[in-house]
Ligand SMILES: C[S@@+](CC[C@H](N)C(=O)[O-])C[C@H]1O[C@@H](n2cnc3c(N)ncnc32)[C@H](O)[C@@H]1O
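Just one chain is shown here, as structure tokens, and it is the form predicted on its own.
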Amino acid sequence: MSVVMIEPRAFPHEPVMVQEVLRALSLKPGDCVVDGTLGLGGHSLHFIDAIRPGGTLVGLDWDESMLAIARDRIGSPSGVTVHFIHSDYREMTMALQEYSIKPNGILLDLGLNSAQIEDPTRGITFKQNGPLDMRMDRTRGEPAAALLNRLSPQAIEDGLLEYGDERWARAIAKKIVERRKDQPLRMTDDLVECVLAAIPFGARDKRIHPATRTFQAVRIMANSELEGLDEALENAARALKPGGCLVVLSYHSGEDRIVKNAFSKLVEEGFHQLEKKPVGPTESEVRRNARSRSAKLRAIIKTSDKESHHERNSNYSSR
């Protein structure tokens, strides 16, 4: 079956929880801000308005195609210095050291954007058939197909459970292994067929496609998305200037659990968490942008004294 290429610029892009992110970061002219997951540059376009004149924006992304689109969208804005870096956010501190930068704010949006999700050549979507790849950085690692064709049944089951909360994980893993004996998985439809064969029709969740959790889990496995996340969060927070803020947007329980635990460790070191519980999107945003529904925002401040703890928290809570 032929695969239709989709131009990423054709997708509408609305960054998630923009006002909540801006409120937490509390950027001002001259500040330095790092968008560690630049994507299509939606959040960064708002950051530029907040930090000009004299500000610096550092945008990182491990997906070269997304970085190219963001570079095109952002351009060379007046009054702001911009650095675009092809890098995983887990390598952020090395990039910051290279530019001798101590940021006032850092954003890590751990979700995907429409261009990545809907492009069938990436294999992330189950809505259209395409190569079962799923890698964000296609210059490294192995495609999802290769992963599923070599992992043991137990490893596949464990991944579906841990990263997708898939209660049919064992049955799906069994079908994948049975399928690959005769014909290795190559396309997204191959994986969808395994899921549909494993989950009885009457037991399927009526709210979402039966393959949703499996595709999420396999994507996380293929990109090692949660590997080193805790260390990356701690390093990013420590790289901030005193008074600087790290904001993280997570989208499923596994991610949020890691963020919560990392922030708890940082609090023990003297950092200050803006809210003990994660902040979610408003009802109006969810109606406008369905992909924001599962977003959870957590933010933490690198402070140098108790007064700044109280002052910054009061400022955030009163807005």
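One rule holds for the numbers: they count along the sequence shown, beginning at 1. Quick caveat, the model's predicted, so the values are computed rather than measured.
What comes next is about the form predicted together with the ligand, which is not displayed.
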Check whether Met66 has any heavy atom within 4.5 Å of a heavy atom of the ligand in the predicted complex, and answer yes or no. yes
Would you please decide whether Gly39 lies within 4.5 angstroms of the ligand in the predicted complex, comparing each non-hydrogen atom pair? yes
Taking 4.5 angstroms as the cut-off for heavy atoms, does Arg291 touch the ligand in the predicted complex? yes
Is Asn113 close to the ligand in the predicted complex, meaning a heavy atom pair under 4.5 Å apart or at it? yes
Which single stretch, out of 207-215, 170-178, 113-121, 233-241, brings residue heavy atoms within 4.5 Å of the ligand in the predicted complex? 113-121
Contact with the ligand in the predicted complex, heavy atom within 4.5 Å, among Met136, Cys194, Leu96, Leu185 goes to Met136
Taking the ligand in the predicted complex, would Asp256, Thr282 and Arg298 all count as contacting it (heavy atom within 4.5 Å)? no
Determine the residues of 74-100 with a heavy atom within 4.5 Å of the ligand in the predicted complex and present them in sequence order; the list may be empty. Ser87, Asp88, Tyr89, Arg90
